[in-house]
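Next up: the same protein chain in two forms, each one alone, written as structure tokens (structure 1, then structure 2).
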Structure 1
Amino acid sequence: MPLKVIIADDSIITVKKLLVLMEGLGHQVVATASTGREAIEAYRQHRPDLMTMDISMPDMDGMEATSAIVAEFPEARIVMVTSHGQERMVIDSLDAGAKGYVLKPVRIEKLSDMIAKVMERST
């Protein structure tokens, strides 16, 4: 089933690449955000089925934004999409409420697997 997706990342290149991948998987990208604060606003406005979140972003990082969204919407499905692979950071992301973690460079198989796992766990 097609999902409503929001992409939060401060890199135009990553946003466009994820958009192509999401559409290739049959999902609909309803909004994009380039800062943590924009991500929170976009979530409130669109209530997506899934959100991808970068960690390093201006004004509020992806970890803080994830905590804020999950505090307000406990059912939120947020997947971190980042190059930041330190194990400590992965643990911190999951503690913040993220449901999964995908390392860049993102490939369609990795993304598809993660989305399937996240959706399966939350149904």
Structure 2
Amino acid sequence: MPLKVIIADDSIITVKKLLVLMEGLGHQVVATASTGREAIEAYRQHRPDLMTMDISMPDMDGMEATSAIVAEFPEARIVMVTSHGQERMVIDSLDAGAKGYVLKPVRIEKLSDMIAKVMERST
């Protein structure tokens, strides 16, 4: 079943790559955001089935944005997208309410597996 997805990342290259991967998996990207505050607003507006969230973004990082979204929408399914070397931040993000993570560069198999795990856990 296609999911409604929001991609939050300040790198236009990463956004484009994730958009192609999500569409390749049959999902619909309903919005993108390049800051933490935009991510929160996009979530409120679109109520996606899933959101990918970069950890490092301007004005509000992905952990703060995740925490704010989960406080307002406890059922939110957020997957962190992060680089090697940010393991502590991944743990903090999971504590903030993220349901999983994938490492950059994102591969379609790992993204697909993580989406399946997150969706399975929330049913």
Partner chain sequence: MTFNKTIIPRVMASILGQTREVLAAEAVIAVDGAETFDCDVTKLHLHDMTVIAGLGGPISLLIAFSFETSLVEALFHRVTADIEVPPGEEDLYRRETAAEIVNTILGLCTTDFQNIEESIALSPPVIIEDARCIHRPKNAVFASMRIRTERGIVSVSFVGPRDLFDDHMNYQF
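Throughout, rigid core stands for the largest set of C-alpha atoms superposing within 1.5 Å between the two forms. Source: prediction; values computed, not measured. Here, a residue number simply tells you its place in the sequence of structure 1, counted from 1.
The form predicted on its own appears here as structure 2; structure 1 is the other form of the chain. When two forms of a protein are overlaid on their rigid core, residues whose CA moves 2 Å or more are considered shifted, and His27 is not one of them between structure 1 and structure 2. After superposing the rigid core, the Cα of Glu87 is displaced by 2 Å or more between structure 1 and structure 2.
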